[in-house]
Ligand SMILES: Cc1cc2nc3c(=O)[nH]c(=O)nc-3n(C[C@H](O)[C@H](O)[C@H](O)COP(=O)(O)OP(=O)(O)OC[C@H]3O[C@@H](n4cnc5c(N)ncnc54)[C@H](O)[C@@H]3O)c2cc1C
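Listed next as structure tokens is one chain, alone, in the form predicted alone.
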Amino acid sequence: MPVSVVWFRQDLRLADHVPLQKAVQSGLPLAFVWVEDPRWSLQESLGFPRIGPHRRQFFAGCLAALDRELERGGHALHVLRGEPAEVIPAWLERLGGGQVFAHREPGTEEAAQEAALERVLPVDWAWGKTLVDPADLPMPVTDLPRIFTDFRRKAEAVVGRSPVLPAPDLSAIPAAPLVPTEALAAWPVVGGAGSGGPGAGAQAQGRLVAYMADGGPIIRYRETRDALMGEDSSSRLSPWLASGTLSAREVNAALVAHEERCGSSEHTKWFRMELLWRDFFQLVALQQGRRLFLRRGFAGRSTVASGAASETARARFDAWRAGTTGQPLVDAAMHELAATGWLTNRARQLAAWYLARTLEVPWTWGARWFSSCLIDDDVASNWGNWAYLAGVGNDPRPDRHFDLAWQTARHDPDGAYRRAWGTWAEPG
């Protein structure tokens, strides 16, 4: 008997999951699969793993949480290793055939995997990466405005048009026959920190509820969002958005509920604007394709950040990565990143700008290091932000400058961050 297969990718949730809803509506037994991309085990040419321990640890926790949630509904998460176009069809044949339901992802490698799979199997694709569905925008993705402000004006008019879908009751749906695959516990996880953990889904929902509670941290968001330290300085929801444990629509629904109880404010409006910034970079990745990953970027500009990969550049990159540049604020940020897999948005901006604009190192090297380390790595947000700061992306001011002395005085006036993550001691 044929089955309906849900292929989980960066969407490790049951709620607000269009492919899952379509699979349920098919009326066929369900099977759930996650495929470990063989590229995850590769080393970058720059000498570090493509997926570092913190990122791996967090994602493994999110997978484990999804597996337990499926188990409570009488189902299981199957783990395959290899190219999806090879391993999914072979596994599906053992199940008796059927159709695959999955979300599309931005990024050229992801698109190549999608194209390869649909050449050999029927695939029902959906889009679930953004708050605003691209189909609701008044222009195709190919005509996406280059400047965020122009995009935001158009996107704000259609926010909320796509409702949040509830998680289905899987206990009422038959499971496909069990075909042995790799055990989830066998997925190699070493070291690392972060907040993935065995209860990642519950943690994500708990954090969202706490952050959006009456009197919760959301009421100070615009004032605290640039802080370098503090658990509540930002929402800290980005790791769960990156893994897909939470969807952007779920986060916005919690924000709307807060506004209905407490009223809208500059803080809630600013938070929603940040969700739209995330949307913008997801759509930019779709629009630009491989050009997003080119050193010269896609804006048609030549900057020092797209310079030559010289021995001097490599030495500067290694010092930046190790936190030994001699710039205390940047070095502290790099120490925190290596130790935790996390940086606040302000710290990311300063570290990225310093590498690309002051050290004149190719910005793509920094993007790869961030991608290896960050527990909230997202191909579109990471590479889009790096291109923006390097002046080869969507920044309307390609000569944007950060005065590190001024930034330090504003964001770390008492030296708490530099002392916490660096070797800095206040003079005198």
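From 1 onward, residues are counted along the sequence shown. Since the structure is predicted, the reported quantities are computational estimates derived from the model, not experimental observations.
Not on display, but discussed next: the form predicted together with the ligand.
Heavy atom within 4.5 Å of the ligand in the model of the complex - residue from Phe317, Trp342, Phe293, Phe151: Filtering the options by heavy-atom distance leaves Trp342.
task: Would you mind picking the one in Arg236, Arg146, Lys269, Arg81 that has a heavy atom within 4.5 Å of the ligand in the model of the complex?
output: Of the listed residues, the single hit is Arg236.
message: in the model of the complex, does each of Trp34, Asp67 and Val179 have a heavy atom within 4.5 Å of the ligand?
response: So, no: the whole triplet misses the ligand.
field: Heavy atom of Phe101 within 4.5 Å of the ligand in the model of the complex
entry: Heavy-atom contact with the ligand at 4.5 Å: absent for Phe101.
- prompt: Even though the ligand is not shown here, does Phe370 get within 4.5 Å of it in the model of the complex, heavy atoms only?
  reply: So Phe370 counts as contacting the ligand.
Contact test in the model of the complex: Gln57 vs the ligand, heavy atoms, 4.5 Å: Judged by the heavy-atom cut-off of 4.5 Å, Gln57 is well away from the ligand in the model of the complex.
query: Quick one: is Trp365 in contact with the ligand in the model of the complex, heavy atoms, 4.5 Å cut-off?
result: No - in the model of the complex, heavy atoms of Trp365 and the ligand never come within 4.5 Å of each other.
task: Sort through 324 to 332, 153 to 161, 270 to 278, 138 to 146 and report the only stretch with a non-hydrogen atom within 4.5 Å of the ligand in the model of the complex.
output: After filtering at 4.5 Å, what remains is 270 to 278.
query: Listed by sequence position, which residues of 105 to 143 have a non-hydrogen atom within 4.5 angstroms of the ligand in the model of the complex?
result: The stretch does not touch the partner at all.
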